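Encoded as structure tokens, the following chain is the form predicted alone, with no partner shown.
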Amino acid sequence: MAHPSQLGFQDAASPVMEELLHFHDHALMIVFLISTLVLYIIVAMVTTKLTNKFILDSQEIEIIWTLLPAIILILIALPSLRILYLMDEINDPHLTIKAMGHQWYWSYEYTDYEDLGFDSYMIPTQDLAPGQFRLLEADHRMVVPVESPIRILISAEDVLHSWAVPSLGVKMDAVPGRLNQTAFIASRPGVFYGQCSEICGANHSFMPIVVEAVPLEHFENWSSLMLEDA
């Protein structure tokens, strides 16, 4: 959960998000070192009284400033490509959920069950219980088991939406007439919040996403109760 004046990312709740955090720190350190080097060179050139009569022609420095950026780009590109392929991997999901975007709410369908689905609307501010978050709470949470590969099939019924949960490292566009898919593994129990991340009309900011990760036994009890009520 994000907090006021937060500068970094939310705490990772999935293996992919942990990898993204490590890559962010890796790239940020490279940018920091480059910025420090450039700043040092600028300050040194401005403040020094010395001159170099060979400054207009140096074969060695031209080789260095050609090879060094290429090496840096490789050091950034290889981890980035690895994570891209990891995010596309969907190996034997234990559960498949179809998320459908509407103006302005989400509907979820657990396709492994015969009749398990529901709509998820934002809870109005006046109906919030103490401790609940304004504009982020939904009347029905998407419940998933912990440490299980979950496949999400994402589409929309009317306009473009985007299903995004930052702490799980998931963001996928919901396009009418197109079925996109992504996957995640919740590595710990908890409640994880997201929002539609594609401007979709007047109430775009009022269609939150709430994912609740629970132990497998609790998930089985919840699914049984939902099927009984259906």
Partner chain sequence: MSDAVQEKIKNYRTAPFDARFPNTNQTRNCFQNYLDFHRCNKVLSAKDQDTAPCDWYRRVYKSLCPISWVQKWNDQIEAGSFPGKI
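Numbering follows the first chain given and starts at 1. These numbers were taken from a predicted model, which means no experiment stands behind them.
From this point on, the text means the form predicted in complex with its partner chain, which you will not see here.
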Seminar exercise, completed: The one option of 159, 87, 95, 76 with any heavy atom within 4.5 Å of its partner chain in the model of the complex is 95
For this session: Find out whether any non-hydrogen atom of residue 83 is located within 4.5 angstroms of its partner chain in the model of the complex, and reply yes or no.
Result: no
Exercise. Does residue 172 reach its partner chain in the model of the complex if we count a contact as any heavy atom within 4.5 Å?
Worked result: yes
Exercise. Does its partner chain get within 4.5 angstroms of any non-hydrogen atom of residue 153 in the model of the complex?
Worked result: yes
Exercise. Does the 4.5 Å heavy atom contact test between residue 125 and its partner chain in the model of the complex come out positive?
Worked result: no
For this session: Just give me the residues of 153 to 185, first to last, that have a heavy atom within 4.5 Å of its partner chain in the model of the complex.
Result: 153, 155, 157, 172, 177, 178, 179, 180, 181
